[in-house]
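Before any questions on binding or motion, here is one chain by itself as structure tokens, the form predicted on its own.
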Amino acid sequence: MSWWCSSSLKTWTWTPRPYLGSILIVLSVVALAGWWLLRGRHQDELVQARAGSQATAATGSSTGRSFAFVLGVVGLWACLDWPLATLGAGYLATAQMIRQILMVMVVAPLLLFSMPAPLAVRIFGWGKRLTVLRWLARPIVAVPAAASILVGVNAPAFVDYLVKTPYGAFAMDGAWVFAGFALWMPVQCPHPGVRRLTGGAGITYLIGQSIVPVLPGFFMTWSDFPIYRTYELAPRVFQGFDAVTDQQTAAAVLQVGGMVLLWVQISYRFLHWAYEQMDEDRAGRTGGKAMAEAGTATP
């Protein structure tokens, strides 16, 4: 069993080859959640109280958060382990882009949504680490940082060099993870000490964020020849699915797939915001009517 994926010139087979590193990472996330449920959340009432009193932007029921955590962990495992990791590291650029979109656009927001505010307080505290988190949660920092990382790790010079070894592939996957969390931090940060973008501001941010999946795939879309030496020389997984077709499919997955997933989020948040506005208007009209009736009834 290898500890992480890397490129290979061996003929592709569908024989399972799990990676020790990915298994340990997934088990660590599950262990952290288990520790929090069984012991962590009961150990510090002051942390709980302070987090609860300041969590003005927290939304979602405990059931919804649990469901998001399960989906996030399953998605994380799919990104980091066989077969997607093996295919992406050395056989198919399409598989690599599926991994990237899944990590950045699905796993990262699900895990951020599922994290309880008191756990975020315990991890980041209220001091210097929170200051760094607040800076990272600013759109003016988050979007350029995530976009530059994603463009960089998709550049042929970096990809061909990094996927040669498990250490390089691990660094590239780590960059994806960081970029995913950075991109969603302004609207999904679980720490109550960080003010999230909500309502129209959050929707505007997500619309602006839609440029990020387009940038890495731009140079793949318009190239008539393979730009990644790794995937050009790799043994074919599917007959007839050559390196150029693979590259163009990868660009479509990155750009179209990323855009679709992002607009699903935008649509959900827009509807949620619209219903909140209607509820507030209804409550305002009801309150105004009650006050008018009370004033009329006063002798």
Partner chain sequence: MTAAPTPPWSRRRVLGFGAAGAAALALGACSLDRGSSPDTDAEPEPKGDWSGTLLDPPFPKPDFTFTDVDGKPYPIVEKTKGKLTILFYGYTNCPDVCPITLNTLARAKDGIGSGPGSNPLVLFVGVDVDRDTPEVLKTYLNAIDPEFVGLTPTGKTKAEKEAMIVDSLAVIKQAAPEIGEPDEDGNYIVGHPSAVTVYTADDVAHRLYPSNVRQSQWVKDLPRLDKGTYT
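Numbering follows the first chain given and starts at 1. Small disclaimer: the values here were computed from a predicted structure and weren't measured.
FYI, the form predicted in complex with the partner chain isn't displayed, but the following is about it.
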Only hit among Tyr228, Phe113, Trp77, Trp176 for heavy atom within 4.5 Å of the partner chain in the model of the complex is Tyr228
With the partner left out of view, is Trp35 within 4.5 angstroms of the partner chain in the model of the complex by any non-hydrogen atom? yes
4.5 Å heavy atom contact, Pro166 to the partner chain in the model of the complex: yes
Proximity of Gln277 to the partner chain in the model of the complex, heavy atoms at 4.5 Å: no
Check whether Val253 has any heavy atom within 4.5 Å of a heavy atom of the partner chain in the model of the complex, and answer yes or no. no
Ser2, Ser6 and Lys10 all contacting the partner chain in the model of the complex, non-hydrogen atom within 4.5 Å: yes
The chain here is shown without the partner chain. Which stretch in 200-208, 177-185, 117-125, 95-103 comes within 4.5 angstroms of it in the model of the complex, by heavy atom distance? 117-125
Would you give me the residues of 258-274 that have any heavy atom within 4.5 Å of the partner chain in the model of the complex, in order from first to last? none
